[in-house]
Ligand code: MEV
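The chain below stands alone, shown as structure tokens; this is the form predicted alone.
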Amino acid sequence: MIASAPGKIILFGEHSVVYGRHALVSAINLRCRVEAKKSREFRIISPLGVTSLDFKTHPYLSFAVKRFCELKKIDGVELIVKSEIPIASGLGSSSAVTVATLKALSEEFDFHMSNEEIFEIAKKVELDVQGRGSGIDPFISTFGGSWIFPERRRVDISFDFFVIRLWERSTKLMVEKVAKLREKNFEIVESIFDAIDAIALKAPESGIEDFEELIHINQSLLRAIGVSSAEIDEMISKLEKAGFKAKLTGAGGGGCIFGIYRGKRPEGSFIVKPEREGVRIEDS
């Protein structure tokens, strides 16, 4: 059984949403596909390698299988992963592979979980691996569409975006870095989170010019909480001189930066479109 789930792009609200603020997030038209086959052993085949259940090499897949086995005991399964989503890029590859795995397992073993059940398990997997998380990534991979969180208010995003991939980084380490900064400078960081919150709420009703201005402001706030870097700042500065507004998406420290696609795109970028459909079964 083959299932696929979309990646995501956090437009506004990364980090602050973990502390109760709003975020604007959209599924994108890049997908991760997972094929599940009944087996007498556990075997994972992905671009990261071939392993059994391995909580270091394949943490999300392994915890997804572990969580599924708490609901339905299975003797083994072979999982084959193919993904269009860059790994460790901030585009939701981890949640997409988790959600696609759970959907494929559910159908291969005739368990038939609802999307809400898949989301709840995927959220537990996120916590298993990262220690903390907002639940946004697994929600988006499960249900697709564009949303304001935490109230799950569906909105319409009509822009396409250019994305530039930077370098791999650890979401867990960046989340921990922000948590330490917040603990040390509580009132200051909370004020920054409030400003990001206001941006996330204003953005869905903004036209292109205003949306790009919000991108610029939000990037400055991400820099202030330490998730940008000198290299990223320099790259974004060069993009602005060329007429592009851009910001980090995801945990920061690397991953990806994005901006609105207006008919031209920066060198080395690729285009993503909002995706309405969430997890689904694919024709084999």
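All residue numbers refer to positions in the sequence shown, first residue = 1. Quantities reported herein were computed from a predicted structural model and do not represent experimental measurements.
Separately, the form predicted in complex with this ligand exists; it is not shown, and the next lines address it.
Note on the interface: of 64-72, 248-256, 230-238, 43-51, the segment with non-hydrogen atoms within 4.5 angstroms of this ligand in the model of the complex is 248-256.
Taking a 4.5 Å heavy atom cutoff to this ligand in the model of the complex, the contact residue among Ser146, Ser106, Thr171, Ser83 is Thr171. Put simply, Glu212 is far from this ligand in the model of the complex: not one heavy atom of it is within 4.5 Å.
This ligand is not shown here, and in the model of the complex it never comes within 4.5 Å of any heavy atom of Val189.
In the model of the complex, none of the heavy atoms of Leu11 sits within 4.5 Å of a heavy atom of this ligand. Contact between Val175 and this ligand in the model of the complex is found at the 4.5 Å heavy atom cutoff.
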